[in-house]
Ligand SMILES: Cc1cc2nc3c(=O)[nH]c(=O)nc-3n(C[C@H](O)[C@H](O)[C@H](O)COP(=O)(O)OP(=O)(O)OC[C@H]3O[C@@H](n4cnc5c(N)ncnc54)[C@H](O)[C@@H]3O)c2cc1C
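Only one chain is given next, in structure tokens, and it is the form predicted on its own.
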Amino acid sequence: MEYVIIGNSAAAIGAVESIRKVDREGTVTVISSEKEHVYSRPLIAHLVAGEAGEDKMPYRQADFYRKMGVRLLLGHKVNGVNYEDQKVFINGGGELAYDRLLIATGSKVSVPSIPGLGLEGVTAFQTCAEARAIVEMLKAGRKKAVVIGAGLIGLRAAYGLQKGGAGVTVVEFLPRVLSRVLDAEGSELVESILKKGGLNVLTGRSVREITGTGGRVAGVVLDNGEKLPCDLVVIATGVAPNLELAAGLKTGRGIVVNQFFQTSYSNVYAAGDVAETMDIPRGVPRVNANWPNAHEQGRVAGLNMAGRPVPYKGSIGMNAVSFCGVPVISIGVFDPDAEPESGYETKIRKNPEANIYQKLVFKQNRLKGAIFIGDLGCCGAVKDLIESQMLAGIIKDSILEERYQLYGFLRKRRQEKLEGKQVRWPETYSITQKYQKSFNEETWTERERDQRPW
């Protein structure tokens, strides 16, 4: 069996590991346009900030590909795929035949049309190579940065730049930050946190031109004529599924797949940020692009590619980040006003002075989404409720207050999951006897609060 995987990030790694669990003999080829060993993309902001060194970046150990028996083609761009003849065409004239193909090309940066993009010192913020280039620019004394875009990528870039010693201005065309991650009230709170932390945030503004001197960036001009001197510009105006190889496949916003990750060709699969999967709380296909989803989708896709049918139950959009020490998480349906359907109900607990904002979104007595800023209490239980889509009426009014009804419910759920379950140790462990889980009532503590303290 000839397996070919296009991409070398979370989804690709999950697929490789799954294929090798089922098929130790087939040939597995991984092709990537990047020249990097697989790395943890969410860490690049921490690399710029100086909080993570190069030793923390690898997502798997250096001998991963050798142990998995992978033929690795790094620095090779795929120009196209003939899905009828089952061939992959590589830049430079090479081609590969496949029996099973996985498209795991992830997302690509949506670059606006702005004069001056070609100046030295203008960069995107998606790859490890781009993060290293920014680090070198900071070391060279470039200390004034403009970040275009105030989504997750833009604000992560701004965080890394600020921690790396730069003064940072964030320019956002929309009227608020993180508009695709938070509702209006959550965005307002995060923006105040950013400004208190020293970031200059300009919303409702766009960059008209990037100016330079001697081929090197020197500043930006805003749509209102205001000029911002800078020596580094980061383009973070959003990403979209990389559909460059999707010609001939059914697509929506991403590549359309079934529950086994098959595309419109049964031997061609897609997973990760490039694929549309069933959104659990909304019940419709959607691209839910994040690292854990990508790895899990790759893992399930790999099993199916190797002949072990495993249906994928669906994904949940989830974003987790921290600004100035304040954690921010959004899950599922976080802004009912932005949804095409009505009928949502919300419950909110907040204390702006303490940087706390919590919001739950319900529909038809089921928890559909949530926002947690500053206080992550019960976030894990909330994610479980969204994922399971079970009726939540009995605890709907007690979740944010963490009253006894919630803990009684969680206790029962825990007991159902644990009681009498047996765990088989992996063959590599020296322990041979089975371990049986049990639920101990005495070790479970209840808390009943009339009102949660701040």
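These numbers come from a predicted model, not from an experiment. Start at 1 with the first residue shown and count on from there.
The same protein also has a form predicted in complex with the named molecule, omitted here; what follows describes it.
- The named molecule in the model of the complex comes within 4.5 Å of a heavy atom belonging to residue 41.
- Shown alone here, residue 77 lies within 4.5 Å of the named molecule in the model of the complex, counting heavy atoms only.
- Using a 4.5 angstroms limit between non-hydrogen atoms, residue 31 touches the named molecule in the model of the complex.
- Looking at residue 383, you'd find every heavy atom of it more than 4.5 angstroms from the named molecule in the model of the complex.
- The listed set 326, 287, 320, 181 contains one residue whose heavy atoms approach the named molecule in the model of the complex to within 4.5 Å, identified as 320.
- When you look in the model of the complex, the only residue of 303, 114, 280, 245 with a non-hydrogen atom within 4.5 Å of the named molecule is 245.
- Look at 185 to 193, 100 to 108, 166 to 174, 349 to 357: in the model of the complex, residues with non-hydrogen atoms within 4.5 angstroms of the named molecule sit in 100 to 108.
- Of the residues in 147 to 174, those that come within 4.5 Å of the named molecule in the model of the complex through at least one heavy atom are, in sequence order, 153, 156.
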